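Next comes just one chain, in structure tokens: the form predicted on its own.
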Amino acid sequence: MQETRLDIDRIQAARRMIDPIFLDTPLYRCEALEPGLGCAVNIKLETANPVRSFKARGTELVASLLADSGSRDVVCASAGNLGQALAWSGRDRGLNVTVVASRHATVAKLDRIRALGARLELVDGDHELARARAAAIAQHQGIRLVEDSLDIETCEGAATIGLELVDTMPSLDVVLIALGGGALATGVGHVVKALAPGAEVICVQPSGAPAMTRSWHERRVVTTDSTDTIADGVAGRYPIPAVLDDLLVVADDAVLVQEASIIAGMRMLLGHAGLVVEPSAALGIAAILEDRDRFAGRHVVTIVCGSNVDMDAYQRWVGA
């Protein structure tokens, strides 16, 4: 495999630094989903932890390194899940965490960030404006800026999911990975391609937030002027060049799915697996729904990456 920014030895070391409460999340075959999807569906449940998303695997590394260095102040931009994770990891290590988010972010995510003790600053714009504001705060105050997907620790933390997949599923055919900034896709993808090279790595993004997928297909950074998707956790507009370079090495394909398929995936996960998930976590199921023939008869893993959802919106979407 061509080189990426990641390294298997560092990822193995990362697993030893992460609080075990975030490791070894459930991985199981969900037979109830299979009649409707036509393939063997395996769920990697990254919501079974205190912050209900995979993001703490990376923030555990960031916060540990900061605490060891004596630094106490850190800022990040977040659609919600990274902010919660950094707040949780920072609280346990005595860090002063500032999170910048859009005023339009999911209320449940913002409330949880506050409850975990972080300082929350809201901006009147989307996630890209929050990224710019977080960078300005870091520069002005001279503190650590955590940039999701660009900071290698966020990718290494996510990559530990890949270690657990290949350790548990030797007959893995396909991994479906939600694609936003790219930490999850590049991290898991790197491990799968290094340790289970016969498995196909497919990234999935909403058609209403296609920047990284378009960039992967065109092999250059493609930006968009806006996003229009309920999957707020993956709704970026400006791909990071270094992350795209990694994604070009580890991903076999990147696909876009429609909003109706995302909602159908959320309904299936609720009805057949008993899982309440945020839209980003249903992207893998949406991909199967839109191309059943591609996955027919194969052993597929979908990473259910988050369950921090506004319940009023969720009930409107799924009719629960």
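The structure presented is a predicted model; accordingly, all values stated were derived computationally and were not measured. Just count from 1 along the sequence shown to find any residue number.
The same protein also exists as the form predicted together with another copy of the chain; that form is not shown, yet it is the one meant from here on.
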key: another copy of the chain: the contacting residue among 116, 120, 244, 74 in the predicted bound form [heavy atom, 4.5 Å]   = 116
message = Just checking whether residue 255 would be counted as a contact of another copy of the chain in the predicted bound form - the rule being heavy atoms within 4.5 angstroms.
response = no
query = Using 4.5 Å between non-hydrogen atoms, is residue 216 touching another copy of the chain in the predicted bound form?
reply = no
ask   = Do residue 220 and another copy of the chain share at least one heavy atom pair within 4.5 Å in the predicted bound form?
value = no
inquiry  = So in the predicted bound form, is another copy of the chain close enough to residue 70 to count as touching (4.5 Å, heavy atoms)?
reply    = no
query = Looking at another copy of the chain in the predicted bound form, do all three of 5, 190 and 196 come within 4.5 Å of it through at least one heavy atom?
reply = no
request  = Given that the partner is absent here, state which listed stretch (283 to 291, 53 to 61, 255 to 263, 269 to 277) has heavy atoms within 4.5 Å of another copy of the chain in the predicted bound form.
outcome  = 269 to 277
task = Residue by residue through 6 to 38, tell me which have a non-hydrogen atom within 4.5 angstroms of another copy of the chain in the predicted bound form.
result = 21, 26, 27, 28, 29, 31, 32
